[in-house]
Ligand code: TRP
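Given next, in structure tokens, is a single chain: the form predicted alone.
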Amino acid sequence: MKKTLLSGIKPTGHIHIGNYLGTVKNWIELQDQYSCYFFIADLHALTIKLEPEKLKKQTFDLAVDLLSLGIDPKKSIFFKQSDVVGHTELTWIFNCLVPVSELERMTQFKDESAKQPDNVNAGLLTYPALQAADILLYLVENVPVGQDQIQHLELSRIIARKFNNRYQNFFPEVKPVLSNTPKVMSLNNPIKKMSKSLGPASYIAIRDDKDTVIKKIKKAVTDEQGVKNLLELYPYFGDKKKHDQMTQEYKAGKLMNAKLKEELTISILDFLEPIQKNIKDYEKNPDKIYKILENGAKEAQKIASKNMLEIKKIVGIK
């Protein structure tokens, strides 16, 4: 029997190649090794100012993007977080267990508060409790994480221990599945991680058309760090022999920036072509997307309801 694994992603805009290489590519590969739960974290998205219609559209677009990249609802339970009763219920129980001091020391709370000083809401502070509820609600055994996400997973493990010590041994010790995720750097600021917050010129979205991709790579920074960044990005999409050749030329000081950009552009466009065809096909039939999410939520709800009933009995509210 396969071990269980869970992960989620916020609907904050179209997926870019940094998201793909850092998260989604790993998800796709893990589908064959684990019984996977993958969800769109729309409740987490409420911590930022986002118009309701924009949130709905971004949630739909994210579902399309993930399915087009290779998330398979026949292999994984794929659903929208808010469609499953239990995530927020369990969060409240965890909020009553975890000390405020534990939440205040979280790096993400400090970072996100600095990004939106006019909107430092309670959701930003209790965000990790909801993350813990997302994971522990399904009693999953594993969560795929990069090195920068270990702090949040560790808090989930701490919350599970607090619950088990206070009530009874119920939640499993969740283990990280450490992925060798590349840190994809920004095209226009190669000392920073590729991010939507740095503006469209910093990343290539999987929905970018041919002219946009060409323009973004052509304008990519080519100082020493910039060239190194483009060269490191190439092998994820391009030919190994060409990469080896360009690496040798780079070491010898003979690599032409124009050649590197041209080869990178060709390889990324080749990668995007079938994905964008999938996106167009899915968007022709939006009801199919909603049905996939509905079916995934039904499957997730069966497990969530069963576990929440036990949890409520344990804490004395049932």
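Numbers follow the displayed sequence, beginning with 1. Bear in mind the structure is a predicted one, so any value in this text is a computation, not a measurement.
FYI, the form predicted together with the ligand isn't displayed, but the following is about it.
Though the partner is left out of this view, Lys261 does not reach within 4.5 Å of the ligand in the model of the complex, counting heavy atoms only. Contact between Ala41 and the ligand in the model of the complex is found at the 4.5 Å heavy atom cutoff.
The ligand in the model of the complex is not approached by Ser113, whose heavy atoms all lie more than 4.5 angstroms from it. At the 4.5 Å threshold, heavy atoms of Ser82 stay clear of the ligand in the model of the complex, well away from it.
The candidate spot formed by Val64, Phe271 and Ile279 lies out of contact with the ligand in the model of the complex, as no residue has a heavy atom within 4.5 Å of it. Judged by heavy atoms within 4.5 Å of the ligand in the model of the complex, the contact stretch among the candidates 250-258, 41-49, 65-73, 282-290 is 41-49.
For the options Val143, Met185, Ala220, Ile159, the residue carrying a heavy atom within 4.5 angstroms of the ligand in the model of the complex is Val143.
Of the listed positions (Gln149, Asn95, Thr181, Ser195), a single one reaches within 4.5 angstroms of the ligand by any non-hydrogen atom in the model of the complex, namely Gln149.
Along 114-136, a non-hydrogen atom within 4.5 Å of the ligand in the model of the complex is carried by Tyr127, Gln131, Asp134, Ile135, in order along the sequence.
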